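This document starts with one chain, in the form predicted on its own, laid out as structure tokens.
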């Protein structure tokens, strides 16, 4: 894979910021990944989709390896790969239609006399076949009923449900008109969609937030903030925010909600279970949504979701479709990311640090059984339907880059 000097410098800068966690958050990571991949499609030299797909996959592995916890990188790479394959299929189908139309026009050169002769020949063949079938039926009237013929092909239920478009597609076919189409699709389906994702989720707020309810949330999430702000335009409700120690993102969230006139109360993380009995609904954000319907969210989300399940309180997760990941959480501990413990115990207290093992988790894994509904930018779905959303957005061949 050969990238231009300017593009290679952009990629290295992005990788460096990912490793140092100077760029954090699914939205910023996804947007910059989409811009880089668009530049790759535009500036690299390729004559067929096979070369382009390999270039995108190689770059996707580099970006994902820089920060494996930022699953949005791999999600955008898979989305671009699906767009490339869809464009290739459309191009090949268009070529097939044009070729078939040309062949039909060439076949229309027969004269009327030839068509009449062909019709007479086909009538004679049909009558002879019909007479032979009648005689065969008369001879075998008293015979036993023949056994049911076997199916010519066998197919499992999985093959019936899986999209079969990619089986017979030749991605190595030369096509020089795909580049502008792919760039246009990336702009419209990914980059433009990222710009409107918050509005798409917030517009559904009135369907889920009702008057005089008590809503609990944790941490700071722009998606949840816009969701609650939109509901507050026509509904009066109260919000309880867990402070999310030691980052204190909950205090920032409470200040933002109070600024738009929402009655907001900040509580300590240890008081979540005690207050949950008064809560009507829990609304949280997500860093990533995994294939089984579980999610990676800010630390403390697992505690809030578990308390909500104990009190039979519904849990709503506001998330965008670009956060859906086809990865399955075989090892849950991989998603419980820990960062520097300086916010918990300062390095200046050296004598105490030597005697204590301090962990500062940044993300929590929330199991799917703790979630009632995902609210995304195109609608809503339960955790059991996440697999279908993933199948619609990604190609099954690109699950592992």
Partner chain sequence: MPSRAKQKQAHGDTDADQVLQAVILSDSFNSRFMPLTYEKPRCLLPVCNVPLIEYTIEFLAISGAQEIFIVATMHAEQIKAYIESSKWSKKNSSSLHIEVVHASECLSVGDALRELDARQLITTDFILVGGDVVSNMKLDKALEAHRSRKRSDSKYTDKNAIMTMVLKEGSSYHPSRARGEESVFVVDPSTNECVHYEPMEPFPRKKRLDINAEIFERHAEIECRNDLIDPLIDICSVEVPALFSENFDWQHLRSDFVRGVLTSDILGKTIYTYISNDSYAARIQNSQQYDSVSRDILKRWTFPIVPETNLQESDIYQYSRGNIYKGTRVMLSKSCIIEDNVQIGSGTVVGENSRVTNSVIGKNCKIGNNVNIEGAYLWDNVIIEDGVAIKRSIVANDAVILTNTTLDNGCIVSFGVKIGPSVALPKYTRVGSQPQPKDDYFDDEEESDDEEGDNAVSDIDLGEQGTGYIWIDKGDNDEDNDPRNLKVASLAFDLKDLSVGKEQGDDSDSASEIGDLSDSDDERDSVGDTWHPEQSQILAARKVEEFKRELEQSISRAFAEQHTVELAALEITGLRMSANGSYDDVRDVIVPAIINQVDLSKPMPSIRTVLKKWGSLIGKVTHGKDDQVHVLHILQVHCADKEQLHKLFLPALRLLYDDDVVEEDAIFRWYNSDRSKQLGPSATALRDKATVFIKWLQEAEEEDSDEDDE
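None of the values given here were measured: they were computed from a predicted structure. Residue numbers count along the first chain shown, from 1.
Another form exists, predicted together with the partner chain; not displayed. Remarks below refer to it.
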- in the predicted complex, which of 371-379, 339-347, 29-37, 47-55 comes within 4.5 Å of the partner chain (heavy atoms)? 339-347
- Query: Contact between residue 22 and the partner chain in the predicted complex at 4.5 Å, heavy atoms?
  - Reply: yes
- Evaluate residue 397 for contact with the partner chain in the predicted complex, applying a 4.5 angstroms cut-off between non-hydrogen atoms, and reply yes or no. no
- Check whether residue 392 has any heavy atom within 4.5 Å of a heavy atom of the partner chain in the predicted complex, and answer yes or no. no
- Is residue 43 one of the residues lying within 4.5 Å of the partner chain in the predicted complex, judged by heavy atom distances? no
